[in-house]
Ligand SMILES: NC(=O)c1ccc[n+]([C@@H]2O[C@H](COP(=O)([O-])OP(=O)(O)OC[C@H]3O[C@@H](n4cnc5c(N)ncnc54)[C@H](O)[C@@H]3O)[C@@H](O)[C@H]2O)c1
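Encoded as structure tokens, the following chain is the form predicted alone, with no partner shown.
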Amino acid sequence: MIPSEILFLKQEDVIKAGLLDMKQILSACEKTYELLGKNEIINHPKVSTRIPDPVNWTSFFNSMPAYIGGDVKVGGIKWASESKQNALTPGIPYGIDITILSDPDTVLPFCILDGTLITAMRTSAVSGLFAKYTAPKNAKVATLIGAGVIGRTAIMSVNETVPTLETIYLCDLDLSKAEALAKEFEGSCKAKIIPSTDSKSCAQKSELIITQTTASKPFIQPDWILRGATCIQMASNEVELDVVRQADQVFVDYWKQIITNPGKAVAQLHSAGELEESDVVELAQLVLGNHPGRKSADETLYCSSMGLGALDIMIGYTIYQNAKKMGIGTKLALWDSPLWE
């Protein structure tokens, strides 16, 4: 009989297995985009269930299935969820995610793991990769807008991919959050982190801007962005459409998916007939070396990401392999013997 063993990895297990190692996460994400660019990944756009409706939602569930081929060969799904109620409730994360990994031949699940921290790490790893390929050469000043969980991992990411940074302005409407996060990274970040509530003035001094907020409407205007800077938008509803219109080049993580999200500026311009797939460059083309990214110092560049289920599967599989080697996790069984075959 074929065993139905499943390794369950709780959050503490995935941390032990190396999830907070940003170098490892960046490597896994870069490989994901490499395989995506080689058409060795099947990644369907997210299916979102927003409650009570798509506009006035208070919580949602996203289904994110993917198959990774190449030398990996693993199937899986990320079940991602967020609740606005959680933001006001101590002791529970705003977003709660799980990841299931399956054998593509037998379709048996072999690992179920906490995906909440994977989401935080891979989201910022993508912004770090965008920065690696599009930030001005020897960039010294960056502004990160949003001092939440993704703000934390964004610091970790640019610390690895833009090692020339000397100053990071960390902006948040709640200055205490930015101050606490800056203190957390004292001694471990190469750049000096300066907390602020004035996102505009900080952005206007920066060569690199990364947004990671929960804004419900656009707030970044074109005059926030220096000529020759790179603006990377990680969430929705953050930049005015003219920011994208005035960019010399537009980069996205995955065109087929990003145009399905009406909160994305890229999707809005596509719906209006102002932007087509041929007008943008996907991150996979940068990773594969098929596109140079930044072409000149005076180009103003815009990047936008929505996140891929394939990233969660790739990282989850990496953590699973680490956990197996380390003997971490709890073994479960889907059945002792299947009733009907």
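All values derive from a computational prediction rather than experimental measurement. The first residue of the shown sequence is 1; numbering continues from there.
Below, we turn to the form predicted together with this ligand, even though it does not appear here.
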With the partner left out here, if you bring back this ligand in the predicted complex, are T119, T214 and G307 all within 4.5 Å of it by some heavy atom?
yes
Could you work out which of L226, L269, A235, V141 is the residue within 4.5 angstroms of this ligand in the predicted complex, going by heavy atoms?
A235
Selected contact from A191, A247, V149, I98, since only one has a non-hydrogen atom within 4.5 angstroms of this ligand in the predicted complex:
V149
Even though this ligand is not shown here, does S199 get within 4.5 Å of it in the predicted complex, heavy atoms only?
yes
Can you check whether F110 is within 4.5 Å of this ligand in the predicted complex, heavy atom basis?
no
Are any of the heavy atoms in K132 no more than 4.5 Å from a heavy atom of this ligand in the predicted complex?
no
Might E82 be said to contact this ligand in the predicted complex, defining contact as any heavy atom within 4.5 Å?
yes
Option from 170 to 178, 100 to 108, 157 to 165, 133 to 141 whose residues, in the predicted complex, bring a heavy atom within 4.5 Å of this ligand
170 to 178
